[in-house]
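As structure tokens, one chain now follows by itself in the form predicted on its own.
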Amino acid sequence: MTMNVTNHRVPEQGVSRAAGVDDPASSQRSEPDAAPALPTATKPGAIRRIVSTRAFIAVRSFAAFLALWYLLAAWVGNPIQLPSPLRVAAALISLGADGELFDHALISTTRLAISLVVAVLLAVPLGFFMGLSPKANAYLDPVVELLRPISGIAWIPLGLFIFGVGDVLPVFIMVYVAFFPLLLNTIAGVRHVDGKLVNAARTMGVGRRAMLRHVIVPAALPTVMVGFRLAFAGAWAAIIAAELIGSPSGLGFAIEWYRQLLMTPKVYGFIVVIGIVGYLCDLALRALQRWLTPWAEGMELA
């Protein structure tokens, strides 16, 4: 009898599983066998991706720089000569609370924006003209090469005599410094336009204006944008020198003012702000360059 009962129960279990009927005993036995997903298995790969990102690398670079600064300030031991990063941070908080920091930064960046606009309006059309006309380039190139090696700072004494102390002198110096990188890169961009594109446009009957607008300008734009970034870097460095001497306001003026008062943490604070503003503006220019010229990835400056 035992053998008959056993043989009879086995088919019933097989039929119940085939019919999809849930067996409580089998479900209870299968639950411990199901291993839950382990999300921690992907963590090492995600951590490696985060560590390798550009932002994390930049954070590590800044941290190493601050640590070196702190050790060097401790070794010097004179906060008037070299204050520690903590003292500079406290000075920045104080300047920011008073609003003085933002006032000077706004004045300097406004001057910079005006100067870059004027430089673009002067240098870019002239660069296209010289790049497209060999005769104009032959006449104007000697004058450009004569003035280009002269530093913008060298014009400060003459600018003080002509413009006096005020807003005009820093703008003049920045326009002068930004003009030549824009001009030379625009000329180079126009001259290095692919001849195949020009010949293809001519065979399709494209006129001179359409050629300039749809062929030459887009092809030269990546090089022009490189020149614009170089112009910004030179102009931002020149504004500090101009404001040190010929301006009653701005970041350069604030540096000289607090230097005379021997308030070195504030001097270093304004220097840090100059670097931060320049870095953020350059990031914005890189984004603008990628947006305007997505077809020229290799033309971007490092």
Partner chain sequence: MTTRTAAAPNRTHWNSVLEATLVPALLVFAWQLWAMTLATDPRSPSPTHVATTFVDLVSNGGLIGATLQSLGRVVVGFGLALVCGVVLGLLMGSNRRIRDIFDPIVESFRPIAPMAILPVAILWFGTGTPAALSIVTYAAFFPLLVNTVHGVSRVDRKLVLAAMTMGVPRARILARVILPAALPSIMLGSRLAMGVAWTAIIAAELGVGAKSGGGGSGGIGQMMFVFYAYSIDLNAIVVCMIVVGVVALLIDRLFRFVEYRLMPWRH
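None of these values were measured; they are calculated from a predicted model. Numbering follows the first chain given and starts at 1. Take the two forms, find the largest set of C-alpha atoms that superpose within 1.5 Å, and that set is the rigid core.
The next section is about a form of this same protein that is not shown, the form predicted together with its partner chain.
> Within 4.5 Å of its partner chain in the predicted complex, heavy atoms considered, which of Ala97, Leu71, Leu146, Val117?
Replying inline: Residue within 4.5 Å of the partner: Leu146.
>> Using a 4.5 Å heavy atom cut-off, which of 159 to 167, 84 to 92, 118 to 126, 180 to 188 contacts its partner chain in the predicted complex?
In response: The contacting stretch here is 159 to 167.
> Does any heavy atom of Ala67 come within 4.5 Å of a heavy atom of its partner chain in the predicted complex?
Replying inline: Although its partner chain is absent here, Ala67 would stay clear of it in the predicted complex, with no heavy atoms inside 4.5 Å.
>> Whether Tyr139 contacts its partner chain in the predicted complex should be assessed with a 4.5 Å heavy atom distance threshold; does it?
In response: Output for Tyr139 is yes: heavy atoms within 4.5 Å of its partner chain.
> Can any non-hydrogen atom of Ile153 be found within 4.5 angstroms of its partner chain in the predicted complex?
Replying inline: Flag for Ile153 set to yes.
>> in the predicted complex, does Ala113 come within 4.5 Å of its partner chain, counting heavy atoms only?
In response: Contact check for Ala113: no, nothing within 4.5 Å of its partner chain in the predicted complex.
>> With its partner chain taken in the predicted complex, which residues across 246 to 261 come within 4.5 angstroms through any non-hydrogen atom?
In response: Ile255, Glu256, Arg259, Gln260, in sequence order.
>> Once you overlay the rigid core, does the Cα of Gly77 travel 2 Å or further between this form and the one not shown?
In response: Yes.
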